[in-house]
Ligand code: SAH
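As structure tokens, one chain now follows by itself in the form predicted on its own.
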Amino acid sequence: MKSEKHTIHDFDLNIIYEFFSNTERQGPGNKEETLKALGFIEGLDKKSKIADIGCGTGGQTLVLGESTPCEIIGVDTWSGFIDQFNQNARDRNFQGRVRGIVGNMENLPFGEEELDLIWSEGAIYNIGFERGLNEWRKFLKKGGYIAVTENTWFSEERPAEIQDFWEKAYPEIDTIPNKVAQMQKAGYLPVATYILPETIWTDYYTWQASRRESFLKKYKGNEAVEEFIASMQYEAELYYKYKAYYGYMFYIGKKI
């Protein structure tokens, strides 16, 4: 099957961006899990500043905005996502306290020790978990927090099919103890580490299935789109088959 040789990262970014436009979130997650993670963060007030890196259209960022008095800046590479983000923030009447900017997580527009919290749901993989923890640390105040979700192995051994898929899609995927060790080595005190529920994946893939159908109709005969859709369908099939072996973890650390 040709699509088995591809991951989502092999495709035209414009196709990816359009597929995920006008959606609340661009990856697995929900309001309840964002709030659960936020519950481990202490000391936030109206003087605090949060950055959401790889914010997409801002589903989780707006939850942070509703639940804290902080200034919040969402950063994403695609202007279309940021336009939607800022419209959603205006609709919620945040009056400029929550805003999105176009930027690159490899070159963030913040000063050293400017931030009290760095948030990144389903996005740190774009730069790499270990690199992100290390390079973003300088932007945090001492005692500031980082909270990220990361695809993680739940066991030391996996079937070859799922091992091969994720080794190509995200070579940095690793086990929970190794991820926690990377967080400690980068200069954080691990505050919380826990598995996100299967429902964040099943809900995400259910939404994808309906979106895939309409997308294929719109681009009927477009081979690149068809391969993109097939690759996502294959990923979903793998999850249902091998979900005992991997999933998203929330890793929350405090800068020492």
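Note that this is a predicted model, so its numbers are computed, not measured. Each residue number is its position in the shown sequence, starting from 1.
We do not show the form predicted in complex with the named molecule, though everything after this point is about it.
**Q** Counting any heavy atom within 4.5 Å as contact, can you tell me which stretch out of 159 to 167, 74 to 82, 177 to 185, 137 to 145 lines the named molecule in the model of the complex?
**A** Every other range fails; the passing one is 74 to 82.
**Q** Might Y234 be said to contact the named molecule in the model of the complex, defining contact as any heavy atom within 4.5 Å?
**A** No - in the model of the complex, heavy atoms of Y234 and the named molecule never come within 4.5 Å of each other.
**Q** Does any part of G27 reach within 4.5 Å of the named molecule in the model of the complex? Heavy atoms only, please.
**A** Answer yes; at least one heavy atom of G27 falls within 4.5 Å of the named molecule in the model of the complex.
**Q** Contact with the named molecule in the model of the complex for Y245, defined as at least one heavy atom pair within 4.5 Å: yes or no?
**A** Contact with the named molecule, no.
**Q** Do N104 and the named molecule share at least one heavy atom pair within 4.5 Å in the model of the complex?
**A** Heavy-atom contact with the named molecule at 4.5 Å: present for N104.
**Q** Heavy atom within 4.5 Å of the named molecule in the model of the complex: which residues of 45 to 61 qualify?
**A** Read in sequence order, the residues that approach the named molecule (within 4.5 Å, in the model of the complex) are G54, C55, G56, Q60.
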